[in-house]
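First, one chain by itself in structure tokens, the form predicted alone.
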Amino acid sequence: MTDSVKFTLYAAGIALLIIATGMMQSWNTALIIVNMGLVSAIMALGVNLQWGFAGLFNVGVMGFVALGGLATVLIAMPPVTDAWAAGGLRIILSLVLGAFTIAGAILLYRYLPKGRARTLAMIAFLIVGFFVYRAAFDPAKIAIEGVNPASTGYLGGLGLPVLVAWPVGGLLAAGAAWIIGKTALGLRSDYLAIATLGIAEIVIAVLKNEDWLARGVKNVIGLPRPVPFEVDLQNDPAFVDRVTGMGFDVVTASSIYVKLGYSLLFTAVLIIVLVMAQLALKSPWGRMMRAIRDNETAAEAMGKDVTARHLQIFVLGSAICGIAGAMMTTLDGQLTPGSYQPLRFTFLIWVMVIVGGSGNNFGAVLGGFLIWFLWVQVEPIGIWLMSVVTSGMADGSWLKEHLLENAAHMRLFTMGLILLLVLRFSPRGLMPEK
């Protein structure tokens, strides 16, 4: 069976599951699954680019997704003029001073002769630069966060269309990946995993604690949309007349209309990313990356710069995750740093890639949709199943209460079970790499 036929069959099966969800639950729920499935498929493509093409074990996916979400705030939200007047320029000056301190320490390391004098000079420069940076940063930070903290307390963004934030999210994640890759890609795979996980946690910690940047755990709500608001559609006489003429409820129809708009946008992005990934896979560059993945020593003997190529694909994969993060934040309409958890934004994406088929782009898309559908639906199905199983038990029974209370854990149990079954019976995934 060819890959195209296999993918068509799998895709048809997932489509039937989503249609059944729409018929048995609601079409709003079905479209929510579709939209987040599209975003998850894009994230899985980014990880597949790193792991499936190059064998890079990146467990810091959460950090790059969060940077994409941050880009949505920095680009789409309007600037807070009072906050800028209170300390915006001083914040920028302090960040320049911090960058100058780091750059100066690097230059001292490069150009001073090796020895104790170089070490002492670097330490002294870093200490002085740190205190100068804090002297400029702290007052500005306090002033900005004191500007109407209940609703703002941060600098805001540029007020540009939210769609601009999606590629900017990719650029922001790519820049962070370049910095990380320059220091961490020389490490062995297990050390690279530890480094990326730690850096992802640092990114989340910054988002949670630096209120001047994106309000921290107070969250940024009311992000602009690339599609109309439901209430605007409900107040549009033309839309109301058209919907009522077709016999639909206006509130439900407006919600479905908005979700379909997101679906079209997300599908367009997924197709673009998938086509580019396929072209890259079948190009000489893609064959070179897989050769490096399979045998770095042989690739180096053929004159390939392994570290440079690893950095290249690490940046590209992270940029795709950043784009997906910006899309997800746009869909949510808010940035909530507390919601970024490794279980959801790293482990689950890896499960998608492994189950779908590492090294196969269509497998990554398939895994993204399948695993997200199960992640959403297993919990309600588990609660229903436990209700059926315990229906004959006496009320107040300890076993009945225990089963019903723990039905919510069916989600984690099912994810682990699926992963184990796939690794046992199809270790290369549902759609293996050729």
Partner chain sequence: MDLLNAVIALANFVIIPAIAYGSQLALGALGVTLIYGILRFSNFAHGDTMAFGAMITILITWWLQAAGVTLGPLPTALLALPFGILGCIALLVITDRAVYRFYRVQKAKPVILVIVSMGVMFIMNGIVRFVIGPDDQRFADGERFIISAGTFREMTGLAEPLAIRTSQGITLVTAIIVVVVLFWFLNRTRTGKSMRAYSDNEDLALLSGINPERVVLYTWMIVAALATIAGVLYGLDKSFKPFTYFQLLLPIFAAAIVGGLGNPVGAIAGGFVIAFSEVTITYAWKKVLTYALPESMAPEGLVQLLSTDYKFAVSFVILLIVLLFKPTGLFKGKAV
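Since we're looking at a predicted model, the values are computed, not measured. Positions refer to the first chain, counted from 1. So that the term is clear: the rigid core is the largest set of C-alpha atoms that superpose within 1.5 Å between two forms.
There is another form of the same protein, the form predicted in complex with its partner chain; it is not shown, and what comes next is about it.
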query: Non-hydrogen atom within 4.5 Å of its partner chain in the model of the complex for each of 100, 157 and 224; finding: no
query: Heavy atom contact within 4.5 Å of its partner chain in the model of the complex, the stretch among 322-330, 248-256, 175-183, 68-76; finding: 175-183
query: Close approach of residue 14 to its partner chain in the model of the complex, 4.5 Å, heavy atom; finding: no
query: Any non-hydrogen atom of residue 195 within 4.5 angstroms of its partner chain in the model of the complex; finding: yes
query: Partner proximity in the model of the complex: residue 343 to its partner chain, non-hydrogen atom cutoff 4.5 Å; finding: yes
query: 4.5 angstroms heavy atom contact with its partner chain in the model of the complex for residue 376; finding: no
query: In the model of the complex, the residue from 89, 306, 279, 202 that sits within 4.5 Å of its partner chain by heavy atoms; finding: 202
query: Interface residue in the model of the complex among 191, 285, 125, 229, criterion: non-hydrogen atom within 4.5 angstroms of its partner chain; finding: 191
query: Residues of 329-366 having any heavy atom within 4.5 Å of its partner chain in the model of the complex, listed in sequence order; finding: 341, 342, 343, 347, 348, 350, 351, 354
query: Displaced residue check between this form and the one not shown: residue 36, CA, 2 Å or over, core reference; finding: no
query: Exceeds or equals 2 Å, Cα of residue 387 between this form and the one not shown, core fit; finding: yes
query: Core fit, then residue 406 C-alpha moves 2 Å or more between this form and the one not shown; finding: yes
